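The data below hold one chain only, encoded as structure tokens and taken in the form predicted alone.
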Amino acid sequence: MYQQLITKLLSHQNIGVFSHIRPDGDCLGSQIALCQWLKKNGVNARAFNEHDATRTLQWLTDFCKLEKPIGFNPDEFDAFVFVDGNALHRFGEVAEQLGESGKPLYMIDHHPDPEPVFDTFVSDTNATSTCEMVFLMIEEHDVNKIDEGIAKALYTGIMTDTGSFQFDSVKPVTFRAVSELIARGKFTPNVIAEEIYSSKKAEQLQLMSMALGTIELHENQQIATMYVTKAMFDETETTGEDTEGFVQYPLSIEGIKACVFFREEAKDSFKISLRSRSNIDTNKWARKMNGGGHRKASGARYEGSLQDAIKTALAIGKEQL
């Protein structure tokens, strides 16, 4: 499955690897692991993202420097790889322009409906994560290339994109992958879990308390909504980064089929996270709001008031009930 991509990647000397903007555990983990693997195979690889790693993921950049594409010169590279996203605009303004660079564009991703701009790509919507796919690619080539950095990066992405192995996307291959990563990386799972989940600030918990107080149930208690406003961020001296994982709380309510979390990033501008634990397809839901993602987890954006954002999202979600 991966041999053609492996051959193409290892035929180059200099590769730029991009992860999508606002990097999460899967995109950052797959990017860092891929860069390390390329370097182990004699390819000079550099990792780029227009945004910094979040506080809970910053430690991963100790294994591979994450650069911002400031003054980026595509002529310094033979090719570009895009991980955990399948549309160039997901990777920022610089990446979006690389479609006109004349250089080969490669992709590894698990989201549906990739753009037809990539020369060679591997897309698997059944994979739990892009990190799982990168593991399988490395395994197909030479599993002995996996060291501590690669193992921890890939494990982080798989763990975070499966909700700590709670989602129905998890298959036997997932546990085989993490077992191999733990053995070759010589670490225990708690090491990664503590980095991701056990480093919350007191202010973040205060913000969470306020957000939980906004939960409302709709459509006969089948859809839940929750929000965080700019005023709440200001009062608690927190940022959008501190809302990581909030969306899972309303989804845990008994009888809830899906939830929507609204995060105000600027006045009347909201980032929307959608989650499902039923047959509701959040990807279809998000696409009607100029977003997208997976069947069970997606994102979108809305320009307008909070009340209108909630009303619009609920009207679309109601169609799938």
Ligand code: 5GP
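We number the residues from 1 along the sequence you see. Quick caveat, the model's predicted, so the values are computed rather than measured.
Below, we turn to the form predicted in complex with the ligand, even though it does not appear here.
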Counting only non-hydrogen atoms, the one stretch of 290 to 298, 30 to 38, 61 to 69, 43 to 51 within 4.5 angstroms of the ligand in the predicted complex is 290 to 298
ask   = Taking the shortest heavy atom distance, is Arg22 within 4.5 Å of the ligand in the predicted complex?
value = yes
Does the 4.5 Å heavy atom contact test between Lys284 and the ligand in the predicted complex come out positive? no
field: 4.5 angstroms heavy atom contact with the ligand in the predicted complex for Ser273
entry: yes
### Message
Does any part of Lys152 reach within 4.5 Å of the ligand in the predicted complex? Heavy atoms only, please.
### Response
no
Those residues of 47 to 83 with a non-hydrogen atom no more than 4.5 Å from the ligand in the predicted complex are none
